[in-house]
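Here's a solo chain for you in structure tokens, the form predicted on its own.
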């Protein structure tokens, strides 16, 4: 498709030089004080030369939002200079800079710092080997967390980012409030699907209010979600269609579907063969853009994704190995699947990738 590498305009006027975004991927590479490291700055700057939009790794909005080692933070003004460096590293190369803002909730790695407080919507342990039973948040604390996201958005605007993405996917806190598995509350934030929607939708509304107060009209606001959960009870596609319908009524620039593969059908109902994107697009229509991610690593994949109904695509693993991936796709050059010094990755991320299962099966290697 000829329009893959042509300018694309988001809902509120921000333009991208192509329909290809860098997917948000954890680097585990901040400085010990959770500020941006030099290696991370180099990594983002290299990708900003390629992509129409760079979505950063999940960035913690508060101390107890931190989910993993060496996660960059935007929890207060002390991190503003670090965030300015990150925004500048991306913006100066012509890419749109979008900061993904995040709270890990019950998925936070235990032992990250003394007296760590792992919290969630309810005191329900995640079905993960390392998980601990979280402390149930008091209602007042939920509003405090909403304030944290609003403050992170304000700081992102001050730092010079072109937008923020609310990380409502991958089983983190925003998703935990929407999920009937992790949210067993009986107050205003839990119970029916409508009450489980209150936290994510209130977050969206607050972020949009901060944009209106401090940002420009074309400041980008996106929302990332995972369409289903396998846990019982868990998020169903029917739940997600209600969520995306509500999100589409808000002034969002995009909805970002986080999936293992952009072609995914229902994981819960194997008899349902309709692609999830088809269901989402039918509900959302043209009210906002949809970003597809998962298993996209070739020009054929991008063309197929756009044909399925995605407006934009986000590249993940292939963008880690090949720092010039978009140039190579545009010029018809086979992308590199070799992780080496030309990949320009932070060294902690490079070492962690060596332990990822399945990379060799997908043709990746290390040099």
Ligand SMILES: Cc1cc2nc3c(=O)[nH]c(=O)nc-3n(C[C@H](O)[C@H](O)[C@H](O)COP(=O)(O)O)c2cc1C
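The structure presented is a predicted model; accordingly, all values stated were derived computationally and were not measured. Numbering follows the first chain given and starts at 1.
What follows is about the form predicted in complex with this ligand, which we do not show.
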Residue contact check: residue 346 to this ligand in the predicted bound form, 4.5 Å heavy atom: no
Close approach of residue 320 to this ligand in the predicted bound form, 4.5 Å, heavy atom: yes
Partner contact for residue 26 in the predicted bound form: this ligand, 4.5 angstroms, heavy atom: yes
4.5 Å heavy atom contact, residue 255 and this ligand in the predicted bound form: no
Stretch in contact, per heavy atom within 4.5 angstroms of this ligand in the predicted bound form, of 299-307, 57-65, 31-39, 326-334: 57-65
Candidate spot 224, 315 and 356, all three touching this ligand in the predicted bound form (heavy atom, 4.5 Å): yes
Option touching this ligand, based on a heavy atom within 4.5 Å in the predicted bound form, out of 89, 210, 293, 247: 293
Option touching this ligand, based on a heavy atom within 4.5 Å in the predicted bound form, out of 175, 95, 100, 73: 100
Those residues of 125-152 which, in the predicted bound form, come within 4.5 Å of this ligand by heavy atom: none
